[in-house]
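One chain comes next, on its own, written out as structure tokens in the form predicted on its own.
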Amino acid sequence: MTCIDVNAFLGVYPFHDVGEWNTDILLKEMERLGITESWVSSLPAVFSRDPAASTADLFLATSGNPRLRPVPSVHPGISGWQDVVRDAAARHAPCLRCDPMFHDLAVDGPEIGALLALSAAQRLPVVMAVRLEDLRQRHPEDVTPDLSPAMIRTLIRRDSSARLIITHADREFIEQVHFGSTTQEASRILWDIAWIWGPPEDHLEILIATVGVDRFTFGTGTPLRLPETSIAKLDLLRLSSGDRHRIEAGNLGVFCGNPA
């Protein structure tokens, strides 16, 4: 069975020592856990004023290994960002990454609007993290605010063709966005399961029943979160093999136009 991790990182994290998380370590973890493919972002790029250099390193690190698909980071507030988007499309990247709060960009500003329009034109979804760490764990110098449900609703309404993959959202966050959106808007958002509680709270089971299994995809947050937790959530749910496949790969394939 195919299992695609849409939410993995390479590189150094500036606030906690996770080591030099490189492709060799990631591939060993994937093999251990039965993850067949990872969509990989650069941790340094998230925190860089100009992520271009880190993105180039990411493409180099993942070249030659089809199990690792690079997700280039885009900062639409700096010159040349359009070239990054077009290059990503030419390289058949699965999606783009943009974290507005880390780049101090307003979600209703012209920069994000231009990115959503160009990414939609290039048929590339945009992945964003609500947060990377829980507020209670953060280093005192990590003052980046979380994305809010209202921000996600603003983003999805800015361009009727834009598609968002939102990671690190919890049950309450997802419910506020989903039930405050139209059916068409909600269909253009895919949520990873990395931050959703499994048993005994059963938040993931509740969301699958109320929001729908087709709105979720597999993600781990490696190395900032333990990847085993995302596997365990699915193992402990009473899912049919078809529904499990939808979360592990099928929904992502449909969302990106490549049914799996």
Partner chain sequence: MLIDVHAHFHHAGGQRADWAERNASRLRAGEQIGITRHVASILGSWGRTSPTYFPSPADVTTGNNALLDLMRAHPDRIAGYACVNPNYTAHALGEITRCLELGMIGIKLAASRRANDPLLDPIAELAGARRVPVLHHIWQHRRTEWPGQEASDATELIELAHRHPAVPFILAHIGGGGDWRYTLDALAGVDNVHVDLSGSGVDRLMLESCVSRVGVGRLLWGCDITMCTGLAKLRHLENMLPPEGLEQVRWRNAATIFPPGSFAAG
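The structure presented is a predicted model; accordingly, all values stated were derived computationally and were not measured. Numbering follows the first chain given and starts at 1.
This protein has a second form, the form predicted in complex with the partner chain, left out of what is shown; the following refers to that one.
Chemist: If you check in the model of the complex, is I231 within 4.5 Å of the partner chain, heavy atoms only?
Modeler: Contact with the partner chain, yes.
Chemist: Even though the partner chain is not shown here, does G212 get within 4.5 Å of it in the model of the complex, heavy atoms only?
Modeler: Output for G212 is no: heavy atoms all beyond 4.5 Å of the partner chain.
Chemist: Determine whether any heavy atom of F47 comes within 4.5 Å of a heavy atom of the partner chain in the model of the complex, and answer yes or no.
Modeler: Contact with the partner chain, no.
Chemist: If we define contact as a non-hydrogen atom of the residue within 4.5 angstroms of the partner, is H92 a contact of the partner chain in the model of the complex?
Modeler: No.
Chemist: Is the partner chain in the model of the complex close enough to I25, P200 and D235 that every residue in that trio has a heavy atom within 4.5 angstroms of it?
Modeler: All of them do, each having a heavy atom within 4.5 Å of the partner.
Chemist: With the partner chain left out here, work out from 35 to 43, 61 to 69, 48 to 56, 217 to 225 which stretch has heavy atoms within 4.5 Å of it in the model of the complex.
Modeler: Single hit among the candidates: 217 to 225.
Chemist: Just to confirm, with a 4.5 Å cut-off on non-hydrogen atoms, which of T154, Q137, Q122, S160 contacts the partner chain in the model of the complex?
Modeler: When the partner chain is considered in the model of the complex, the option within 4.5 Å is Q137.
Chemist: Listed by sequence position, which residues of 1 to 16 have a non-hydrogen atom within 4.5 angstroms of the partner chain in the model of the complex?
Modeler: Heavy-atom contacts to the partner chain in the model of the complex: only H16.
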